[in-house]
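Just the one chain here, the form predicted alone, laid out as structure tokens.
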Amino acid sequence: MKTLAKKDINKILSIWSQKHDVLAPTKMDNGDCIFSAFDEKAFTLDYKKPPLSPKSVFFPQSEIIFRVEKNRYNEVVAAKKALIFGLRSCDMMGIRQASSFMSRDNKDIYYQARQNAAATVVMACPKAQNETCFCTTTLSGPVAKKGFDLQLYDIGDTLLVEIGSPRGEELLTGMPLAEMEESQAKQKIDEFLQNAILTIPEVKSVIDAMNKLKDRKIAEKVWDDFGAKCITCGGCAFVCPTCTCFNVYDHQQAAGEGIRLRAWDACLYSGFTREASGHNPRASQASRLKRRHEHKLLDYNNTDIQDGLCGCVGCGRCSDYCPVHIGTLEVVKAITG
């Protein structure tokens, strides 16, 4: 199995940057870590899960999908050769689930073009990123099972390299690598995995909540209470790796000139399900919150969960960033409490 020295990571990322737009963990002045353009001075391997998942690489917050110029329609399919370095396994699962959704019925050519142009390098989690991680419960971590081009395991001064695709193998061409005997490498990975699992809480109540939802045994008061708390910021949907709701807007810029834009939306907004007649089948915030969590824990498509437990990947971001504490963990607790 291939290995590479940590001291060579900056050199390798610099080489990859010659052919790719490399996004890597970047320390901000406020202490946060985000995926941003590789900068040797700001790059770090000492990071926890970033506030935002990297889904925007494939599914930008807003994008122009076609332009009208002189009354002619011109489709805009924009995709740069990118490389995401340092993905956590929950985010890799998020990409797999979102990609499945975006290609299941009708292939989303805009999403697919970006996905085809992007390489993924996962950094396996050595431990829980914080107290809201529950990837072992949702079967999305602490290591990625598939979908990646490369996966790295931190074993001290060295990174073990797992190759997941021909593109991953190509990325390693000419790199300063060493070899580790396969049985020794397997032992190192097994130890890494077992040590990581010990630090990540198994939230069995998630499965209990899924069963209660399936049996329709949830008191409506649960949703009413959450609905009264929710401030409709949409933050839970925007930080979620698997949320793919969007809306489409047309803007006329001049006679015979304009753009069609699509932008992230959220099922928690009243306008999301409001029909042209004005009728809203989910008129209350309680009903919208109920639908969101049913979608994550109950009414998902088995194809889309990509051998995960459900439509939630256990990253815990909704619990981390909801201003009024209505994340999956809080909802599960209320359902099973």
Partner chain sequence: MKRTRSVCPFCGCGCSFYILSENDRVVGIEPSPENPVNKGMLCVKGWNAHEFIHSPERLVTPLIRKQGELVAASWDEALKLVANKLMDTHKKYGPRALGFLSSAKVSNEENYLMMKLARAVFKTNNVDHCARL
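No experiment lies behind these values; they were computed from the predicted model shown. Rigid core: the largest C-alpha set superposing within 1.5 Å between the two forms. Residue numbers count along the first chain shown, from 1.
We do not show the form predicted in complex with the partner chain, though everything after this point is about it.
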Is Lys204 a contact residue for the partner chain in the model of the complex, using a 4.5 Å heavy atom cut-off?
no
Is there any non-hydrogen atom of Leu159 lying within 4.5 Å of the partner chain in the model of the complex?
no
Does the partner chain get within 4.5 angstroms of any non-hydrogen atom of Tyr269 in the model of the complex?
yes
Examine Tyr321 and determine whether its closest non-hydrogen atom to the partner chain in the model of the complex is within 4.5 angstroms.
yes
Among 231-239, 85-93, 193-201, 172-180, which stretch has residues with heavy atoms no more than 4.5 Å from the partner chain in the model of the complex?
231-239
Single option in Asn130, Gln184, Asn211, Gln252 placed near the partner chain in the model of the complex, where near means a heavy atom within 4.5 Å
Gln252
Position in contact with the partner chain when the complex is considered in the model of the complex, options Val68, Ile34, Leu298, Ala42, heavy atoms within 4.5 Å
Ile34
Heavy atom distance at most 4.5 Å to the partner chain in the model of the complex, all of Leu23, Ser56 and Gln61:
yes
What residues of 108-143, in sequence order, lie within 4.5 Å of the partner chain in the model of the complex by heavy atom?
Arg114
After superposing the rigid core, is the C-alpha displacement of Asp32 2 Å or more between the shown form and the other one?
yes
